[in-house]
Structure formats: C-alpha cells, structure tokens
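To begin, one chain is listed below as structure tokens, in the form predicted on its own.
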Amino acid sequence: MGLAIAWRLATDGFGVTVIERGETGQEASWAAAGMLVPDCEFEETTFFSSACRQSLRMYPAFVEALEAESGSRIDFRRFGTLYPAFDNRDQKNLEARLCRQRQEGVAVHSLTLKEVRRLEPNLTSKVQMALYYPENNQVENRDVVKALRVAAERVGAEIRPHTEALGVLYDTECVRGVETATGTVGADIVINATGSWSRYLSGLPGVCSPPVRPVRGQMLALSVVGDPPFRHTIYSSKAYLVPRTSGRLLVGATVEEAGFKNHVTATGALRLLRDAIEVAPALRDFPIESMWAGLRPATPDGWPVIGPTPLKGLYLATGHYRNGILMAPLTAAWMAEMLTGGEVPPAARPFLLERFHASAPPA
C-alpha cells in the first residue's frame, strides 16, 4: 500500500520518502495470493465491496501503467474465477448468491456439473455446480511489489529499506516527521501504511491510533509438472487454488488469530494439503515447492482505515485485511485526491478512522 501511494504521489509532484523496516513489500503484500475476487469475497453489497469492485475496474490500466513505468512484466491473468459447490449446502448458498448478484448487475454465470468439468477436469467429481466470474481475476502480487518500487524510484520517491519507524513526531498543531532507528525524517505529511503494526507507532494520541490487529494466513505452493492443472482461479469454501504462469500453483489460506506469530505450523500445512487434495485429488502427487505465512491487517469491522486523522498532517492507509493487493490502485488514488484537493472523496468517507472514535473532533 505504501509503495502504491508513493508512486502515485511522486508522479503528482510530491516529495516522497518511504520508510521500511525490512525489504519493501516483504510482509502481507509478499505473502498474498494476488486474487482480485470481490464478487467471491463478499456476501452482500456494502461500501467496501463497492470500493473493491471500483478498484478492480482500475486494475488493467494500473498494471499497464506500472509495466510501462517500471519496464517489467506483471503476470496479470484474466481468465476469470470459478466458485464451485461440493455439496448441497454449498449449492444452496451459491444459488442464493447468484440470485442476489444478478439483481445487482454483477457479471456472473451459473455452470452445470458438465460445464464445470469441461472447463476444469481436475476438480473433484463431487462438484455439483459452479459460479463463473469472468471479471474476477488474479495478479502475481510479487511482480506488483517489485515493479512498484522501481516505478516509485523512477519518478523521484526515496526508498529507505531496513529503516524502522519508531514513532510519529508532532507538536500541538501538526505532524513534524518520523523518528526512525537511524534518525529523524522531517515531513509535514505522514501516511501510516504499516499494516499489522499500524497501531504500534509510539507517541500517537489514542484517537489517531487505528484498531488494527494481525490475522495470520498460511499458504503453500505446489510445483506443476507437465500441463497446468487449472486455467482459472478456483475459489471455494474449502480452499482456493491460484495457478501462476510461472508454473506454480498457490494453495491458501488459513485464517488464524495468532498475534504476531508469523510462521508455518504443522496443523496449518496439513489443513492446506488436505483441503487442496479434496478440491483436486490429482494434486496429491505434486511436489511441494514452498510454504509461508503472512499477517493480514484486520480491523473490528473488516473494513480498511483510509484518510486523515484528528492530528493535522497524519493520514492512514491500513487495515485492508484480505483485499490489500486489490485495493492498492483505489487507495492510492484516494490518497492523492485528499492531499492535492484537501477533501475526502465521498466514496472514501465510510473508511475514515472516526467511525471507531465517534467522539473525536473532525480532522
């Protein structure tokens, strides 16, 4: 999120410094699967689901501009997503979802068992039907992270890796900069985009602290031998399978309240393998390439925190939970609009921090 905002703001003429405690983009952004599937993720239409769909519509132009600026190729697969039902309960839920989403104008198609098996023969024979979302795609998030750093630097942003932010400096009027482990960085505007660590910057008033907590997600990658087992992204109630052009097949993901314990567990790995094989039995013979875990930044209501705080010059762009990669283009655009025009876009107002601090004075 920080890199996307940095690229956008530097492009608009702002002097930008990105302070990163490790290597850029190596936390939740690196651990993600890169699924761009708002119509699968959300049960009903809300301000957040609408924002995710808006950001999805921005993605083709976002990727094209990022490739042009960085000079690198981004694996952006646009084959759509299948959401299969494996039992009667699944089918009932998907049929109700289909009815709601068609009324809302979502691009979704119902597929019979025969149609599903024709598209993806490696899915289990237990499939009863599926929904097909032609506009819900996926991107190689690690390509995006690497390209964003190059693009941001090319338009003038300064990236400071291995520089831990310790706290925000401010006086009675506004922010003055950031205190880091290697010294002070002066700034009139500070954007807190530190993900799961957002609430732990020292010294901030309570009304400026976002209620963000880490939620662990474990994933693994299988090496594809021979023909790719899937063409589409597979999203299901059991597991999701994300095929990469490179030949990897991602399997995810667990959702665990484990604090900052960012490691793969035997139970998590076993669950992922079991669920993957249940969805696609042929995967039992695929080699395991790697396993990893990441910490998603979550808020109590599941929505991100974007925009100004009661402290002048301090902004937030955090708490995106499972949709950080998807929301990057729109969050960056909103942040640029706030800083250049001085106003919060109407569509961004539901994501202000003040919803958690009703008594807080307006920014």
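Just so you know, these numbers come straight off a predicted model, no measurement behind them. Don't overthink the numbering: it's just position in the shown sequence, from 1.
Beyond what is shown, the protein has a form predicted in complex with another copy of the chain; the following relates to that form.
The stretch in contact with another copy of the chain in the predicted complex, judged by heavy atoms within 4.5 Å, is 284-292, chosen from 184-192, 67-75, 284-292, 129-137. Residue contact with another copy of the chain in the predicted complex: L119 places no heavy atom within 4.5 Å of it. A residue is said to contact a partner when one of its heavy atoms sits within 4.5 Å of a partner heavy atom; H162 fails this definition for another copy of the chain in the predicted complex, lying far away.
At a distance threshold of 4.5 angstroms between non-hydrogen atoms, L270 is in contact with another copy of the chain in the predicted complex. Remark: L166 does not count among the residues lining another copy of the chain in the predicted complex, judged by a heavy atom distance of 4.5 Å or less. For the residues H263, R231, R89, R100, the 4.5 Å heavy atom test against another copy of the chain in the predicted complex is passed only by H263. The partner is absent here, but in the predicted complex a heavy atom of I277, alone among I277, V224, V207, V106, sits within 4.5 Å of another copy of the chain.
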